[in-house]
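Single chain ahead, by itself, as structure tokens, in the form predicted on its own.
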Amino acid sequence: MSFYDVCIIGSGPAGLVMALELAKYGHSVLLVESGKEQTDVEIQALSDAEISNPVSHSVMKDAVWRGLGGTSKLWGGRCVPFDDIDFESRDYVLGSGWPISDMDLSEYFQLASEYLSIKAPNFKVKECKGLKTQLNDLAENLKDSELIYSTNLERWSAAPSLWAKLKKQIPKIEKLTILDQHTCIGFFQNELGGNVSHAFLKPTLQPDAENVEVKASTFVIACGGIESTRLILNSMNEPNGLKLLGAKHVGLYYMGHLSGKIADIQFNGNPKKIIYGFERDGDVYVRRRITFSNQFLKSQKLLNIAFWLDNPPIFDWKHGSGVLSAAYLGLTMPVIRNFLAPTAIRKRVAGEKIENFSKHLLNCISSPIPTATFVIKFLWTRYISKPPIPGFFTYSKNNRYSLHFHGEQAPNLNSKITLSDEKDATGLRRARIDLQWSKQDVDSVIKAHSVLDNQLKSLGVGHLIYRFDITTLEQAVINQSIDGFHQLGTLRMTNDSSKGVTNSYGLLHGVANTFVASSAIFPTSGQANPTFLIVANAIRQARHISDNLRSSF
């Protein structure tokens, strides 16, 4: 039986970064991964789950990747920080309020930026010296105010797949051992409040083989939101498995993000002055977002939300654009579609099969030069030049753009992860996933559009044009909002074990030496994609674990 200072289960962004950090601190680390470097259908199937509501949740083969580097292999690369309000207790948001603040995490932002290949945590236009349009507004008269911002940025990773980026470093790190193709199936904990003494591993492709036992001073569960929760739920059912003080909360408050387009934004002024797509801040692509101030969100009792300009729906040939039709045809052609975009993104924007092929082809033929120019330029910037451009946006000469929303989901007791009766090949019960949007979630999205429309009009910037009748907006939001990619809340952190599962460092309440490194510990979802904060918090957790190990020597 092997012994390590730290055993980390899962090699996704959290587990891989934490392993590198702890090894740098001089600790012996075993990083356990269920999969391998290449995709394996049999291994991937271990993540399959029972989806109670397919309208709201993606199938797991699209949402997660089981292998070295985890789901960063599927990740588009968008990095966004959480906002101050996300950490605050709000009287209109059940269960809001984190046991840590943004200041507890911000000191780790620079290192997280380096790991994620965005260079620096510069998420505001004024911070980006390499941005040529630093002095330009997103649109004429759209200046930051006490209510609305249009100068907050998302930054896009130049190397989204963390394993591909970092794997060459691994052999040089003496203290780090990688054990792939082994799946953790449980833990041994003798008594409540005590240590986990060892983890049980099973050779992933040999389910009938004997278990492998690993001993460590500290264990970290970093399998992603759903898989971490599933592993803990399974272990809790074993007589000598995990014993948690917050056991009744495990799996509850499952959250993601509502996302889609229910309106277009019609700008006033000069269409050539609209900043509608990706920009370069040196060697990093960035994109502007429209957001509300914390004070305004609270005054309107709104959940957090962000907007950005987008293309018209590319699947609708009536847009008449050869460029958009060329993109649609590329994303739906079986031979090449998987090379152009991650499966989840491709399905979201283009669907799963070609429709109205002749109509789209006619759009391309009707504007051959612009279409051919676009194809050549996109292929160059996406696959040859560095960094690769994350996607594309088209100029609108009529000054009208789709408005994409990305909104917070409030914690909801009815939205949860439990265990189904079906077992996977290793003997673990599969997850049963029930992601439910509440009326508050949907109403907040609709109200946010209304108040944004009013602000645009009052500033003389423009107005919104809804794509749906007002009576069908609620259903339109629900129909478009499918998640499962951002898995938050099911192992929420709180200082009070009667209200959550982990403490402020992700330590399981009732277990002395086992942590969770995942967005599953986030009490609220915010408007931001969680990967950047997951990595920043993993770095913070690694320092805390290292300090604890050194103090115990």
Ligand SMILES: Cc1cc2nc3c(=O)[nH]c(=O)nc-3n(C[C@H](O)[C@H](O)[C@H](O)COP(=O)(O)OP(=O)(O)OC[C@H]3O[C@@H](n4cnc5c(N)ncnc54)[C@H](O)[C@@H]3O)c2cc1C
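One-based numbering along the sequence shown. None of these values were measured; they are calculated from a predicted model.
There is another form of this protein, the form predicted together with this ligand, and it is not shown here; the text below is about that form.
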Which is the contacting stretch out of 66-74, 489-497, 48-56, 502-510, given heavy atoms within 4.5 Å of this ligand in the model of the complex?
66-74
Within 4.5 Å of this ligand in the model of the complex - does that hold for a heavy atom of every one of Y108, H249 and H544?
no
Against this ligand in the model of the complex, would D62 count as a contact residue? Criterion: heavy atoms within 4.5 Å.
yes
How about F515 - does it come within 4.5 Å of this ligand in the model of the complex, if we only consider non-hydrogen atoms?
no
Does this ligand come within 4.5 Å of any heavy atom of R432 in the model of the complex?
no
is_contact(S525, this ligand) in the model of the complex, heavy atom dist at most 4.5 Å
no
Within 4.5 Å of this ligand in the model of the complex, heavy atoms considered, which of T183, T229, S235, S415?
T183
Quick one: of R78, K261, K243, H198, which gets a non-hydrogen atom within 4.5 angstroms of this ligand in the model of the complex?
R78
Between 2-22 and this ligand in the model of the complex, list the residues on our side with a heavy atom within 4.5 Å.
I9, G10, S11, G12, P13, A14, G15
